Ligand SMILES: Nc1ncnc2c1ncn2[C@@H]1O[C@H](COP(=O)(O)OP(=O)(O)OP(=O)(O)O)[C@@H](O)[C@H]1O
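The chain that follows stands alone, in the form predicted on its own, written as structure tokens.
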Amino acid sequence: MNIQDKDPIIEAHDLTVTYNRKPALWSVDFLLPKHKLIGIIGPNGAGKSTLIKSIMGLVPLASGYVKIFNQDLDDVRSKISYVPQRGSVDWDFPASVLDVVLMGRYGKNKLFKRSNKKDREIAMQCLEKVQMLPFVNRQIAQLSGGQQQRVFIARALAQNADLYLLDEPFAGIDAASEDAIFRLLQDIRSEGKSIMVVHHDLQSAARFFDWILLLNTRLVAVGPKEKVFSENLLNETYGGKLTVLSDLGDIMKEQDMPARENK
């Protein structure tokens, strides 16, 4: 038994979610190790966001269960930070950038207790990490999509969680910003945190993730990037849609990965 099998950060067993009787996830099983930057990869409609939501208890399960830190979600919720898709947020809500990041500190305070000096210092540090400090007093609705996403990542960082779940955090963000945020996530990982990210770009996935979970309603494969990021498994995941994988050979060569799955 591997170390991650003995003490996984997330365990899913027979995870099935249906929408209008149509499966969005079907009998998904996996164990994920701690202290990794993990990418959830698959085509549109593969159930990637549903997987994140099922881990967070935001969608009902048709069957199966999820354990986090070997416990039920309600017992460890304070250790988890969740960043939803940007499109699911009401950006017209009247709040400043600092207000939004301070929301990440609410779980550290008693209910209705005002944020204190330490909370504000932590919020400012998190904004600096995502390069949004100059916008601290700006209304959140006045920011670009990429800037809004950076603020939500800062809010997640302010929670000082042990596990971060990010649903398409790079949507609407330019390549330079994506690289900067990925490197920030790597720094968080090096501090002993665990990060799980719904992502769609194969090239940056090959560069930055430690582990890959390939999903297309069913689990195709999960494991270290070097083993899972293979031509065979990616073709299986994307249903042979080679237009999506047109640059796969170059990615494999650049990352020195096997072109075919090892038997």
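So that there is no doubt, residue numbering starts at 1 and follows the sequence shown. Just so we're clear, the structure is a prediction, and the values are computed from it rather than from any experiment.
Here the subject shifts to the form predicted together with the named molecule, a form of this protein not shown in this document.
Asks: Pick from 223, 43, 57, 64: which has a non-hydrogen atom within 4.5 Å of the named molecule in the predicted bound form?
Replies: For this set of options, the contacting one is 43.
Asks: Of the options 85, 186, 147, 125, which one has a non-hydrogen atom that comes within 4.5 Å of the named molecule in the predicted bound form?
Replies: Here the answer is residue option 85.
Asks: Which single stretch, out of 228-236, 45-53, 27-35, 202-210, brings residue heavy atoms within 4.5 Å of the named molecule in the predicted bound form?
Replies: Single hit among the candidates: 45-53.
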